Ligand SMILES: NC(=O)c1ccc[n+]([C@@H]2O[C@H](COP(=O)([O-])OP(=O)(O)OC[C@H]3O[C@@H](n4cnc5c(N)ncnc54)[C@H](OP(=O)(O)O)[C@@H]3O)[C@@H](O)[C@H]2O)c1
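So this first bit is one chain, no partners, the form predicted alone, shown in structure tokens.
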């Protein structure tokens, strides 16, 4: 039986994404399962990997991209007792999601309630889990606290805004003018970063905070020198969480700039008494899953329950077939998608 997947034979732009066909369905090995993929998430991290700039993947070519997926277990390999065949699961695959079938290690798979829409469920393993862990695993904020989301119209940005609304937090988000309605949709205050310098604007918006101007937590995936601007938006005792290096990924800054940004995070965290008790952390989802696997599974299960009960509302911008992968990446490269585009491998 033939099946299809996207392959990348060389790093580069969207044109390197190729729709390929295989004649034999893959078989799972020891500790593995074969998943029939219902939905594959797309996002900025996939384009980072496609360019060959992602620190967590410099793997062999060719490969199939796709950082997160939802599907049903069709077959288990030797030694696998759970999940059983017939169980719908989610995985943070890093690569391999843009396919009709995926072979995945069983150890990290998380059950997905059958009542969930696969396209909405696939928003959870990367974007929403990143947002959820950054909001809950570093510092628990009381209702009414204020957060700043840099790049608020992206997949993680919208997840942060959605969860902030659920937790009763006030949110400020930077985005382009075209995406201000996306930020407003979640009840947050938008700042057009092209028209305004967001640092003084954030401090103006928070001028009446009891502890002084500034936000309680800022989330920044831009990286490099941009971390300093986000840090300047913190109020006394505030926390900056960096979780990416988009400027390096897009070629707008080099490794020295990214390294300087990381050095600043470490300095701010090591010497908070020099910076009004403000601190900084860096979050990496794959590293945290390795060091806290039970936490990863528990948090993802909690998100599926929030989705099942209607407490959160991910934005699925489009549901498209595998053959649309090139155009999807071109849209992501252009920026301002406003949510998540999902590939549906079995739809034409």
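Remember, predicted model here, so these are calculated numbers, not experimental data. Residue numbers count along the first chain shown, from 1.
Absent from the display: the form predicted in complex with the ligand. The rest refers to it.
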| query | finding |
| --- | --- |
| Contacting member of 156, 171, 112, 239, with respect to the ligand in the predicted complex [4.5 Å, heavy atom] | 156 |
| Selected contact from 214, 118, 224, 151, since only one has a non-hydrogen atom within 4.5 angstroms of the ligand in the predicted complex | 151 |
| Contact flag, residue 283 vs the ligand in the predicted complex, heavy atom cut 4.5 Å | yes |
| Residue 275, heavy atom within 4.5 angstroms of the ligand in the predicted complex | no |
| 4.5 Å heavy atom contact, residue 175 and the ligand in the predicted complex | yes |
| Contact label in the predicted complex: residue 88 to the ligand, heavy atom within 4.5 Å | no |
| Answer range among 267-275, 93-101, 216-224, 200-208 for contact with the ligand, defined in the predicted complex as heavy atoms within 4.5 Å | 216-224 |
| Contacts with the ligand in the predicted complex, stretch 39-56 (heavy atom within 4.5 Å) | 44, 45, 48 |
